[in-house]
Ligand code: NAD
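Before any questions on binding or motion, here is one chain by itself as structure tokens, the form predicted on its own.
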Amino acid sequence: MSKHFVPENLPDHLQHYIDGKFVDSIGGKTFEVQDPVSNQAYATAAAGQPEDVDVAVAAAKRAFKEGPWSKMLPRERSRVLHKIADIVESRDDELALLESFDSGLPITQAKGQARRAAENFRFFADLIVAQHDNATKVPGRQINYVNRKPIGVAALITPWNVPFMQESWKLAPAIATGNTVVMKPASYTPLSASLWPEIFEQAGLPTGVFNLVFGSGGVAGDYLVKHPDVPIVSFTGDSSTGAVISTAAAPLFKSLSLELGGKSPAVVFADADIEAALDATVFGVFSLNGERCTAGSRVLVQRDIYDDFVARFAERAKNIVVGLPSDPATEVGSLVHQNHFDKVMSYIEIGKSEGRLLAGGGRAEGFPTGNYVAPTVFADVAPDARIFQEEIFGPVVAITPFDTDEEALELANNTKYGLAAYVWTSDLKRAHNFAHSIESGMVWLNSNNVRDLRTPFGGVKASGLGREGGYRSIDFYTTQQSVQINLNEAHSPKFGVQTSRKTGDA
């Protein structure tokens, strides 16, 4: 086994970045950041408290009201975003190494995420220049047009899975549209977030537009969501936290985008291209260490092909290369944190009484320490099983048979979640009709999770609220003011023009 890679020049302490300066928490509080391979602390980070959030929000609000960013022409902002994308692309190897080290993500997959982060900025740099809004008219009488404006300070609360890419996904549209931001990254993975200040400064982003506060979701995140000077909140994370945020934001009528959990079905019909379906379903649940909200973690297989499909799926899982995140041969690396490892392992123990274990089932062989889980396959899982219903967020899959289209649809919809779904069939009519009946925000037909940035991303039910991506992100981060212009006489009813009034008439 190759040696665990530790990047050079790792910081031993991470600070907040507020109003163009690196600062510690006002009260001096910190927390430890652990390496997921060794579970040893390699750095401390400033732990944001309410007073730190107050300062960050005040800086962002001042930059929005008094600074140049919100008033710039879209083309001027676009140039800055393109510079950001250029810098991220030029540093993709470094970013991937840090991301892999901090999160346990296999290095080959981390490189792909760094490139996607650059593309997010480039996409919205182009979109804000090309964007147009409606103008309508009643000939000779009235013209109506939409005046689109940035809203103010956006709170961006980001997750620990593929953190740098997820941060870019929110940062790019939020600042492209002229807002200022306070970002609170996940406390498990703060390392790559600490790179944004240097990138933004080098690209020429004005002071105060981007502010970074580290800390826990229960303290820094909670206070940021409730802050009266923060009108926009974009959160990616688990559904229980999303419910808390929704409750906290409601009294202040904040704009909310919540991308939450998932337990997405991958439905494989007997007439599917079996090789392609195997490739996609195995990749869909085990890539990114299984730590992905859109993972196809419930595989529903038509009974005609069930036994063969399950056997081949399990064989693939057994052959997946589990290894050090820094090894290019690794397909599944280390889970992000000891706490999450314990959670996933507890679900595997539950699964042993709920399904037929065909692969994995515990710690990966050859890794007595670290957060390594063997890719785990359970077959014959009943729809009321916990491993069928609950999000595990690790390299664990539940496989269930079905006989008819109606049964497949009932199984697919039989969870509280509704983020993604995958359907494999050669019947075009069935594919579309089945997709339309699935309760999910996104459906891929005969495809793995290939994302077009122009399309809306989000879920239904417990998987979230709102949509981001393409014009939906522009809509979310701007307010749309309708302006009416009269071109003719106003034709207003003449109230109150009588100068006298007869009284006493019978």
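A residue's number is simply how far along the shown sequence it sits, counting from 1. As the structure is a computational prediction, the values presented were derived from the model and not from experiment.
Form predicted together with this ligand: not shown, discussed below.
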property: Contact segment among 153 to 161, 249 to 257, 133 to 141, 68 to 76, judged by heavy atoms lying within 4.5 Å of this ligand in the predicted complex; result: 153 to 161
property: 4.5 Å heavy atom contact, residue 244 to this ligand in the predicted complex; result: yes
property: 4.5 Å heavy atom contact, residue 229 to this ligand in the predicted complex; result: no
property: This ligand contact at residue 182 in the predicted complex, heavy atom, 4.5 Å; result: no
property: Contact test in the predicted complex: residue 331 vs this ligand, heavy atoms, 4.5 Å; result: no
property: Partner-contacting position among 262, 395, 265, 104 - heavy atom within 4.5 Å of this ligand in the predicted complex; result: 262
property: Listed residue that, although this ligand is not shown, lies within 4.5 Å of it in the predicted complex (heavy atoms), from 124, 378, 210, 235; result: 235
